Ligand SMILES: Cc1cc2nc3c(=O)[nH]c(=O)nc-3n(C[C@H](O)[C@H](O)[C@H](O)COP(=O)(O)OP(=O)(O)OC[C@H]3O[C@@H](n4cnc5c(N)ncnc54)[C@H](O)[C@@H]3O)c2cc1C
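Just one chain is shown here, as structure tokens, and it is the form predicted on its own.
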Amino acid sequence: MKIAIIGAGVSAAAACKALTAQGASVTVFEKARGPGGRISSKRALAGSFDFGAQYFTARSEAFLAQVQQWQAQGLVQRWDFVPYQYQQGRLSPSPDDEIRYIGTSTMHQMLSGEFEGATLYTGCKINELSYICSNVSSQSSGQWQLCSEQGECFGGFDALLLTCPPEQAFQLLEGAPLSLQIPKRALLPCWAVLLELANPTHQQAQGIFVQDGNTRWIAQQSAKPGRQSARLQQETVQAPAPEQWLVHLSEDCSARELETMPEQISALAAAELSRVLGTQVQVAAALCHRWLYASYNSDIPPCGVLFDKKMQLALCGDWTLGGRVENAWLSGVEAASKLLGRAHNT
């Protein structure tokens, strides 16, 4: 069975692993330079920059088993810190019992081996799909053909799995029956801003949940395990490393400022960091990343993994099960099960 997967994030990795384990021939198409999706990290400034998901949790037995496997491989570690919250002008500890995990030494590192056994095309944006009815395929009544923005065409696929954001999936599938089940605005935008400070704040808080204003999350990136470069770690023997703070602007603020220039976004993030920490910060360097489709919209009920048995077409992602990295993984496993025919008919 030949299966095409569009996207190479967490859900795609889970599906790819499950499908190849059952002998399927899998081809993955990713528009970015490498796998990761919304858990991607960048090499920036004095180390790596987790500009998407900051951590993940494991609440189901199935995903916890996967996390423990990654831990044994040295790809994942715990991020133990006391969470803080900021509300009504007050910053205070807000401890909980949640166990939080991060990739070592980047968030997407844990996906590095999950695409083994598959053909992976990176820097390849698929912008056109065709479902060609025929009796040639041994698995279905038709086959899928995919064409890229660069003009390349890839055909002969018995099944297709889309793991891209729902708005992008809708554009690719417009006119297909399954497209009518894709929810609108299931994912909301987010500006992520990395700020390297000229002077340290000596703030103890490493992760802050912000309850008001233009920000929803702030993290002391330089305090996360394994994020400093080896060169910087050597240099800090003589001098302290510069503090790096990651600011996630709120969904509402990000939507309002969607087309704002990065310089202005950096200034806004610096003002928000000063507000929350209660001290005026001096920024030495900044880096911005705009997510058009980032956090799950909790006002939209989860639609579940979408599947069209007749066309052997599935859609998955964290948004189908209610957000979170864990749900992205579980949705990929479920989508693979449906494509392999082990799930109930839908």
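Numbers follow the displayed sequence, beginning with 1. The shown structure was predicted, so the numbers you read here are calculated from the model rather than taken from an experiment.
The form predicted together with this ligand exists for this protein as well; it is not shown, and the discussion that follows is about that form.
message = Please identify the residue among 250, 168, 266, 220 with any heavy atom within 4.5 Å of this ligand in the predicted bound form.
response = Selected option: 168.
key: Heavy atom within 4.5 Å of this ligand in the predicted bound form - residue from 307, 291, 70, 49   = Going through each option in turn, the one that passes is 291.
17, 102 and 207 each touching this ligand in the predicted bound form (heavy atom, 4.5 Å) = No, none of 17, 102 and 207 comes within 4.5 Å of this ligand in the predicted bound form.
ask   = Is the gap between residue 6 and this ligand in the predicted bound form 4.5 Å or less for some heavy atom pair?
value = Residue 6: yes, in contact with this ligand in the predicted bound form.
message = If we define contact as a non-hydrogen atom of the residue within 4.5 angstroms of the partner, is residue 271 a contact of this ligand in the predicted bound form?
response = No, no contact at 4.5 Å.
request  = Using a 4.5 Å heavy atom cut-off, state whether residue 27 contacts this ligand in the predicted bound form.
outcome  = No, residue 27 sits far enough from this ligand in the predicted bound form that none of its heavy atoms falls within 4.5 Å.
ask   = Do residue 335 and this ligand come within 4.5 Å of each other in the predicted bound form, heavy atoms counted?
value = Residue 335: no, not in contact with this ligand in the predicted bound form.
message = Which is the contacting stretch out of 88-96, 195-203, 250-258, 160-168, given heavy atoms within 4.5 Å of this ligand in the predicted bound form?
response = Answer to the contact question: 160-168.
request  = Scan 268-284 and note down the residues that get a heavy atom within 4.5 Å of this ligand in the predicted bound form; none is a fine answer too.
outcome  = Residues within 4.5 Å: none in this stretch.
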